[in-house]
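Consider the single chain below, provided in structure tokens and representing the form predicted alone.
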């Protein structure tokens, strides 16, 4: 039986997992709603707690890869490893970008992940197998960028982001164009799209973790033919702008460019409670994005927070649709 390797961070390459003869799956925490309260009570992000709960309670034999990009996920890896030390891998992702040392470190971590995958029941990766899988996944991502909805549940992005893209493609509203930025979406967070549509707006950009912003870059076929592993490092580590990297200029420049290209009039920063990274980034985002930004804390919708979130969202769309005269 082929084992499944579950993960939920864009810098974990699904192609690398699959080239070892294993199945990759982006985690959609099915217990997010039930875990929100418990996670908050223990001082843990509701999303991270839900991921841990889902992995701990899964009936499917699986391995899990979490990363050091988020302190909450690092903590979650430690909790899982207490009961399943051989089934959890913590991928150390360097925060520094733009240096040969940090790039080499990321490559070494992927090689360490590969050895762990073999020990967990996988096969050694080969250049030919990796190149073939990279070509297939790149074609799927290119189609997604063109606006095509994936036929199957994708392993190369957050499946909830794919569902959001389907809603975006089906919405021909002429309302105020908004962009989403922030952490990974849960199933329940699709309600934000419905609230936006009901208030007369539309989503023109998904820059959440696991969505359009964090897709691996297009491949260079010639580079894949020469060295598929080196090209894998490039399309992930060199291409994806993340909230935790330093310096953070790449993320802000990417977002400003997308806001201008897609004529986005306002941004919603979707931040799970306890996520300090996005909260700390807000002042810089407001300086560089060029449009108004509204922060929405996700996690207290079951405690009367939904009406508060909807009210703030409706007020923003109203202000964008009918700006005050100067």
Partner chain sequence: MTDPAEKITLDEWDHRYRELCCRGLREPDYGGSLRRHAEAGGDRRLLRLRMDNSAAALRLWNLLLSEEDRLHRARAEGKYLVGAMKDLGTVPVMAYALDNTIAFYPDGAWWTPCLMEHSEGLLALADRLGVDDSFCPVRAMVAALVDQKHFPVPDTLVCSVGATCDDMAAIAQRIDELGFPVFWWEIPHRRAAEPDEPAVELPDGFRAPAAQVEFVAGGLDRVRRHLEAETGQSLDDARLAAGIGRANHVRRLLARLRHFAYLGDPSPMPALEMMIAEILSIHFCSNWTETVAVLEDLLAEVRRRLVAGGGHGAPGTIRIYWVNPPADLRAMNLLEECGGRICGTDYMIAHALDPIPEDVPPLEALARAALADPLVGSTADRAARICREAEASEAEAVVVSRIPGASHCASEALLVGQNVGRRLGLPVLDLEVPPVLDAMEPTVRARLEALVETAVNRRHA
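All values reported here derive from a predicted model rather than from experimental measurement. Positions refer to the first chain, counted from 1.
The same protein also has a form predicted in complex with the partner chain, omitted here; what follows describes it.
- Interface membership of residue 87, defined by any non-hydrogen atom within 4.5 Å of the partner chain in the predicted complex, is ruled out.
- Heavy atoms of residue 102 reach within 4.5 Å of the partner chain in the predicted complex, making it an interface residue.
- In the predicted complex, residue 143 stays away from the partner chain, with no heavy atom inside 4.5 Å.
- Under a 4.5 angstroms non-hydrogen atom cutoff, the partner chain in the predicted complex lacks residue 258 among its neighbouring residues.
- Site annotation in the predicted complex: the residue of 197, 136, 239, 74 reaching within 4.5 Å of the partner chain with a heavy atom is 74.
- Listed residues 296, 63, 44, 291 were compared with the partner chain in the predicted complex; 44 is the one with a heavy atom within 4.5 Å.
- Listed stretches are 206-214, 144-152, 245-253, 121-129; the contact stretch with the partner chain in the predicted complex is 245-253, by a heavy atom cutoff of 4.5 Å.
- Interface residues of 85-104, taken as those with a heavy atom within 4.5 Å of the partner chain in the predicted complex (partner not displayed): 90, 92, 93, 94, 95, 96, 99, 101, 102, in sequence order.
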